[in-house]
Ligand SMILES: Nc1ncnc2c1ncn2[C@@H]1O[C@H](COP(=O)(O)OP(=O)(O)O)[C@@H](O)[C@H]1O
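Read the single chain below, which is given as structure tokens and is the form predicted on its own.
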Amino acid sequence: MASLTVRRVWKEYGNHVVLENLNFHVEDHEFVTIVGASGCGKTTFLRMLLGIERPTRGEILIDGKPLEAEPGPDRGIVFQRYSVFPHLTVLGNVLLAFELERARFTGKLFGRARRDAIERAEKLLAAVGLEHARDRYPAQLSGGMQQRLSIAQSLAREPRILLLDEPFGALDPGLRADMHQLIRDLWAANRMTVFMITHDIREGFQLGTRLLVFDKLRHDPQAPEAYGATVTYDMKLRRNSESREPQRDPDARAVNA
């Protein structure tokens, strides 16, 4: 549904260089996992894709067109901390996305429009396994269920690109395995292009069709903020037809900035 091109992108805050000279192209329906040390600009890059940060230099293109300067319905995001509304039920949290889309000023739908929106919200809840919890409030949900709700919210506008910022970092190993399967299924069913940050290299290999490593190639002890991170390794992964485990592509390569 969406390809993405990053051309000579830099991000600086005054004299602090966060990212430097990012160059790569992502095809439609790739699942890109991003790893790297803390503070190397991974979340900053995701914020640029979302549209709440702008590159200092360079450009980001979606399907060959410049990225919108603000968040839009073509991009959804899921954070590590659950971004749900505690005063709304599970159904109400998902329904709100449809109400704001179709009734921007009042935030409310009525009659047939509301019934249609509820039907769409219920289908999303079924897709993430929350149909039985539609009338509960977020405080009554486990951490894994709240994260499923966050994912359902992000999918409500049918984004072409889904951004995941360490979405499973706070979950225990058993729940993480369930969420891995869920996100794989949703990625396949909705044909989104996915970018996911993770600190778990094994998770990056398990989920991705492509792995990007962010790191600094240049260091100056006298001026630690003078150089930023770039993509130092770009590894394409291919999946074994007899298993769900990815394998390293022999064409995977290191990237020299």
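Note that the structure is predicted; figures quoted are calculated from it, not measured. All residue numbers are counted from 1 along the displayed sequence.
Keep in mind that the form predicted together with this ligand is missing from the display, and what follows is about it.
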{"property": "Interface membership of residue 37, this ligand in the model of the complex, 4.5 Å heavy atom rule", "result": "yes"}
{"property": "Residue 42, heavy atom within 4.5 angstroms of this ligand in the model of the complex", "result": "yes"}
{"property": "4.5 Å heavy atom contact, residue 16 to this ligand in the model of the complex", "result": "yes"}
{"property": "Candidate stretches 58-66, 185-193, 43-51, 203-211 - the one whose heavy atoms come within 4.5 Å of this ligand in the model of the complex", "result": "43-51"}
